[in-house]
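The form predicted on its own is given below as one chain in structure tokens.
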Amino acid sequence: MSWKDFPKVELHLHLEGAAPPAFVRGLAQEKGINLDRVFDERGNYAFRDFTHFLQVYEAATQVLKTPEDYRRLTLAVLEQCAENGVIYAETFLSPDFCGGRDVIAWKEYLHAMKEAAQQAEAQMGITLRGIVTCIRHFGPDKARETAICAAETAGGWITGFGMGGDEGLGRQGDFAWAFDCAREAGLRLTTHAGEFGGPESIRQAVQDLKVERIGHGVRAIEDPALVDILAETGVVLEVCPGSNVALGLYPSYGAHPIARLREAGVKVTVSTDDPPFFNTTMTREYEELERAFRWGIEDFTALNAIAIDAAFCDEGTRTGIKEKLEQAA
């Protein structure tokens, strides 16, 4: 069967990282910005490894300079998501890229993105919520500024706070002030860990930042005691198999630990991370997981149920999305 129209919930999606290459190239042409080194000869994003990926990612974002750019970006990304059956998504937003962590400027960008999300919901039936994200390799001080932006706009559409970036720099606990600030503002918490940082980074995230979700978290499989902790505490993993394979963490979907983690009782979900960078979509993720593990409707229905229960949204929104999922079951 085709999984394209199967309703899906996605929790781990970077807004800039989901920008279609054609959209970025078009914006670059409008602004006279040279992005030759960002794309390969076929017009796709080109990078060698994770560190280079981060560099290409940040180079591509330089075309996004105004709230209007982000309004257009949000619509382009949600159109792609909706085409692949996503009915609810949460996206990571970085005030670092949206106004340089200035609260007043951030609010202008945020208004533009919310406006686009409302338009997409009305026209495409997809619901979006935002998770403000600090950038780990920018350091703890800038993370504090990002957390203040998050706290000043918490509630309603902004529902969470997280951290992305280079896991090789610093420890999770170095960013505790930012996470405490976000928590006090009522935001739900997640952070990238256990991708390139190894199992210990997951322990740090749970113990030092007290997050309820982990972005990736797949390296937990290397530590059976940690797997038990995740299963017992119910910490949810935002797993992005295609991303992990594309960046060389695992050689194939079949070698990916998502099925073993699930069998061990860990709550796992499926997302795309930065889909055009990794040549994936939510449809492709489902297709590859079906092929690798023989997962079917019952499996993906269960994964969606975990995802919507773990979503950082209000109960009214959660109930509405659950009704849509149940109608399609």
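Numbers follow the displayed sequence, beginning with 1. Quantities reported herein were computed from a predicted structural model and do not represent experimental measurements.
There is another form of the same protein, the form predicted in complex with a small molecule; it is not shown, and what comes next is about it.
Among F293, F300, F53, F39, the residue placing a heavy atom within 4.5 Å of the small molecule in the predicted bound form is F53. Although the partner is absent here, D273 is a contact residue: one of its heavy atoms lies within 4.5 angstroms of the small molecule in the predicted bound form. Among heavy atoms of E195, some come within 4.5 Å of the small molecule in the predicted bound form. For Y57, a non-hydrogen atom is located within 4.5 Å of the small molecule in the predicted bound form, even though that partner is not displayed. Put simply, N84 is far from the small molecule in the predicted bound form: not one heavy atom of it is within 4.5 Å. In short, of 65-73, 45-53, 262-270, 25-33 it is 45-53 that has heavy atoms within 4.5 Å of the small molecule in the predicted bound form.
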